[in-house]
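A single chain, nothing else alongside it, follows as structure tokens in the form predicted on its own.
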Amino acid sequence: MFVCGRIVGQLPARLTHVNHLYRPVKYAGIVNINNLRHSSDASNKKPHKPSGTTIKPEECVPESRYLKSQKTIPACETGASCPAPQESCKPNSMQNQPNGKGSDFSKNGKYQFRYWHLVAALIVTGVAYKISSSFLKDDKTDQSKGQSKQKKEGRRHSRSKNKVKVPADSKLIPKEVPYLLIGGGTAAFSAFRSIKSRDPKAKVLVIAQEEEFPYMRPPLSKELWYNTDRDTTAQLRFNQWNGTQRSIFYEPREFYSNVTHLIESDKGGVAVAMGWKVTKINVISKTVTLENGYEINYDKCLIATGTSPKNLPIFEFAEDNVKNKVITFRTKDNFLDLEENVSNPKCKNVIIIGGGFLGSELACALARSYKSKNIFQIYKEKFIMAQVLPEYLSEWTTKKSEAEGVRTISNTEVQDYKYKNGRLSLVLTGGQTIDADQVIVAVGVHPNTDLAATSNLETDPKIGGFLVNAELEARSNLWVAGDAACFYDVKLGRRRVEHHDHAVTSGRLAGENMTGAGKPYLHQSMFWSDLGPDVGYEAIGIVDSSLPTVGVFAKTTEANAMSVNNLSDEQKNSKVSRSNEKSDSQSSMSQIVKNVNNTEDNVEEGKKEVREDNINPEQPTKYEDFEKGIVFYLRDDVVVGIVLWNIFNRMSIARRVLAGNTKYEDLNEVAKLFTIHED
């Protein structure tokens, strides 16, 4: 009985405890999981209220205090007459209770103890506690699973969800503007800067499908990965080559005008309508149509829609769980998502598909920044950068990439995938499989030319892009700049270039021509790439490994000079020759590598002759060392492209060589213009 008495005494406290345990379950249905993404235990959090929301007093206290039914007060207690004269007026707590069989109250109204009451109370308490604990456990588990799923699967798409158009209503966009730019990338930025420099009071409207102000893309695969401070990276700031830090955004938000008030401004300005897409251009009436049918009239218009990354067909129609592990890389949101996913300790295997510029840069950057991760690069060519560099240099670059920690898988393609129990595996050529926690597809881009079909604009069937003349004009009062422009190069013929410098230069020229300059596009744009600390290069012109090439590389060691003196006549006449140059107290040497034909047989033959060129078998072949030099690309014996291999600040010389349009008998003499031995 003593034990039973203690249990009975604890019943009120136990029931109160059960009530508190059960209360969070009532709120679980209205908790927004997006507001709990950074919480480690959200089960005990109150419902989220947006900032500025007034909270009712009853929402600050337990719900039961305000949801209990009010006591029934007899009318006689309020001063009114009793409704039934046969019933006596007594306080509510003293009202007569029926005293039939089974009543729990005695005649005097006092409670009488029953043993079965104790048993029933214990049973009810145990059942209630078990149920509430189970609900609470399930609630915590569901919230934990929800948060985990959001972090793993939903966070990647969170940056693309809940984005609104700016302005929200197309009616707030001016109906007529002097200058209209379609696209919000580097070319558009360069164009409106050019327009404003020639017409300070110009009113420029930029319609950007991406919900961001213009920003630069090269740091997304280069400098941003070199930051050791993740807070700085999250702010999209990076260190430039001169040591200063800057944001990837070209201008701060304060620079831009409000879209609604653009036309009203006496000083002009640049406004960006973000999240909107132009679906049609009427060149005759000089109007553009947005996706909702809203029309805007223009005086001058520029198309700068850029490119979009390609994806593998097997991933385009994959289930969501697979798509959550696969990313194409183009925007700042792609970078933030990838950086966040790769930083996750559970992410062990990162697969980069593609052996070009982007894939190779990302592979080297990730391998250098994440030593504990397995970074795989899968490509169908024999070596990385095979479509750009001659094979001997592509092979040398691949070895340097592997030295950085990249695990290369050559001559291989991804044919299928398997997904089981939350694990993704890629099926490679020959049936080999490889587990993947994160997949990056970097297999090239295609120009965004959807407007061509709806606007009766011409595109190039071979290299893609909107066809424009040397002044970058597609039709009257309509220009195209950047990656989407297929322009006529007066020196090298019709081209389409997908590099940052071309976007800057072509955008600038288009902006000048939109203000009446009428200039042809004569500039030879350049591009650059960094693959770890030992490989950095700049290039200009047509850089295509299918063209014949001549490479001149520098050597500055005395041992190499001695080797030259020991060469036989047969070796001197081989495809690889060396010439001595005296430079002060040290002996400098250049080695020339001619890749006359890029067929595999000829390349292998050239490599074999070079390897037979060893004087001392114990020393590494001189062919293996390509640390610094120049590579000339030839078409009809005329230099049409140049790669400056680990040589910088010589681009002006390279432009002069291309502009000469001359057939050179001795490219070693041309290479001397670049003073490759001085750095």
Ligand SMILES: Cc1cc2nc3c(=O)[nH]c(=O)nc-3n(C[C@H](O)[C@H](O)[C@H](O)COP(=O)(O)OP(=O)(O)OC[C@H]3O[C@@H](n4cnc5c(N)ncnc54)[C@H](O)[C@@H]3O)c2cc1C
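Heads up: residue numbers just count along the shown sequence, starting at 1. The shown structure was predicted, so the numbers you read here are calculated from the model rather than taken from an experiment.
What comes next is about the form predicted together with the named molecule, which is not displayed.
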### Summary
Checking Q377, T398, T549, T186 against the named molecule in the model of the complex, the residue with a non-hydrogen atom inside 4.5 angstroms turns out to be T186
### in the model of the complex, the one of G269, P218, G532, P174 near the named molecule [non-hydrogen atom within 4.5 angstroms]
P218
### Query
Exactly one stretch in 233 to 241, 303 to 311, 318 to 326, 400 to 408 has heavy atoms within 4.5 Å of the named molecule in the model of the complex; which is it?
303 to 311
### Query
Does the trio I207, E361 and N448 actually contact the named molecule in the model of the complex, every residue with a heavy atom within 4.5 Å?
yes
### Message
Please tell me whether any heavy atom belonging to K491 falls inside 4.5 Å of a heavy atom of the named molecule, as the geometry stands in the model of the complex.
### Response
no
### Message
Can you work out whether K222 and the named molecule are in contact in the model of the complex, taking contact to mean some heavy atom pair no more than 4.5 Å apart?
### Response
yes
### Message
Can you tell me whether K277 touches the named molecule? I mean in the model of the complex, with a 4.5 angstroms heavy atom cut-off.
### Response
yes
### Query
At the 4.5 Å heavy atom threshold, is F383 in contact with the named molecule in the model of the complex?
no
